[in-house]
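Same protein, same chain, two forms; see structure 1 and structure 2 below, as structure tokens.
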Structure 1
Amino acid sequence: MSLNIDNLWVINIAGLEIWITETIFNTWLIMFILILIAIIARIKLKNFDEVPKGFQNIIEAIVEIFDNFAVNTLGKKLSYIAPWYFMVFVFVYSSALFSVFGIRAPTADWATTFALAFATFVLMLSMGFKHQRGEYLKSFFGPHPIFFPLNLIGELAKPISLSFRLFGNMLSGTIILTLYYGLTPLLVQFGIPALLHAFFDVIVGAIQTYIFVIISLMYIRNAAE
């Protein structure tokens, strides 16, 4: 594991250089594994049992738990965007879990976290204009038009603060683990790193994923209401 984001390949298309970085490759790898798992789950669940058991019971429990979480946070009116954030939750947490195997988490790169936060920002604006129409635009000028610049800066700051929160926490774990591997002798690089990975990748990863998703949902709900 390294602090630097390596550039793996450079593809030239019509004189334009496209860099395939470690972040992009790891993102594709995680996406491929998650899509493969989704396809396997879809095949296994082709014929639903009225009384779920085994694998079907696990999948239904996961979906139901997240669906209830999304409905309680968003409200039923906005619950139709829950599948998107289920995908975000799975991807962000998978990025943390794959760090256990020495794969640099894509979320330790600000480009990834900003892209996810920017998607939340677009959804926030879309839901605000869709459900409040002109009232949402008026909110930028409240309680007095003189506050418009501050209100605008406040809205623009949301995706930036959201992205830096996730990025900073994921990068801090990467830095600590990299320093440990780089500064300690090989003899103590067995056993102790497992505890560090369990804390930073599994526990902190789960907490930061939850925080990222719930803040995103609250931003969207506040904009829509």
Structure 2
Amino acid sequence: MSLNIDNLWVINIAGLEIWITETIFNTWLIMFILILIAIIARIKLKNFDEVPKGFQNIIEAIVEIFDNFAVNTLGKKLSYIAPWYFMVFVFVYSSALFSVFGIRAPTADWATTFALAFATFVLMLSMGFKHQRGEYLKSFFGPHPIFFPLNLIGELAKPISLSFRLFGNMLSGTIILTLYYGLTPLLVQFGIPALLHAFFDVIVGAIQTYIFVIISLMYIRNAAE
């Protein structure tokens, strides 16, 4: 395990060099597993019982808890964007959980967190203009037009802060665990790291996922109202 995000392949597309990084590969891996689970759930959905149990219970709980959370945070009016954040929620937390198995979390790469934060920024602007129209633009000039630069910077800072918060937190876990594995003798590399993984990957991962999603939803809701 190294601190660096390794490059696995370099491909040229029409003269443009593209690095296929460990992050991108791990993202595809996580995507593949999540899609596989989704396909299995979709196949099993036909035989889902009236009273859920086992696998059905887990799937229903994930969807229902997230849907209630998204609808309560966004309101009914904006609930149609919930599927995007369902993906963000599942992907970010899966990334953290897969770290337990030594797979470097894609969210420990700023490119990933910024991509997600940028999507939030785009959604925030589009929801603001869609639901508030001119009022949203006017809010950039309030309470006085002189504040426009500050308001603009404030808005632009949102995806930056959002992406760096998640990136920093996930990277910190990766750094601490890398240091632990690199600096300790082999004897203490069994058992104890499980606690560190449980804390940095499972607990911090869950907290950071929640924070990222709820802040994103709040930005969008504030822009739309």
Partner chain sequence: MHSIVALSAKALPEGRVFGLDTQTLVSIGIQLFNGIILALVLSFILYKPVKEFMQKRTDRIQGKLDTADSTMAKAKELIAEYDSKIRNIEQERMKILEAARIEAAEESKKIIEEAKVEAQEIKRRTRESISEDKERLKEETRLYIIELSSLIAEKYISRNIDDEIQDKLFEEAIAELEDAQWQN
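Every residue number counts along structure 1's sequence, beginning with 1. Not measured: the values here are computed from a predicted model. So that the term is clear: the rigid core is the largest set of C-alpha atoms that superpose within 1.5 Å between two forms.
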In this pair the form predicted alone turns out to be structure 1
What is the C-alpha shift for residue 12 between structures 1 and 2, rigid core superposed, to one decimal in Å? 2.5
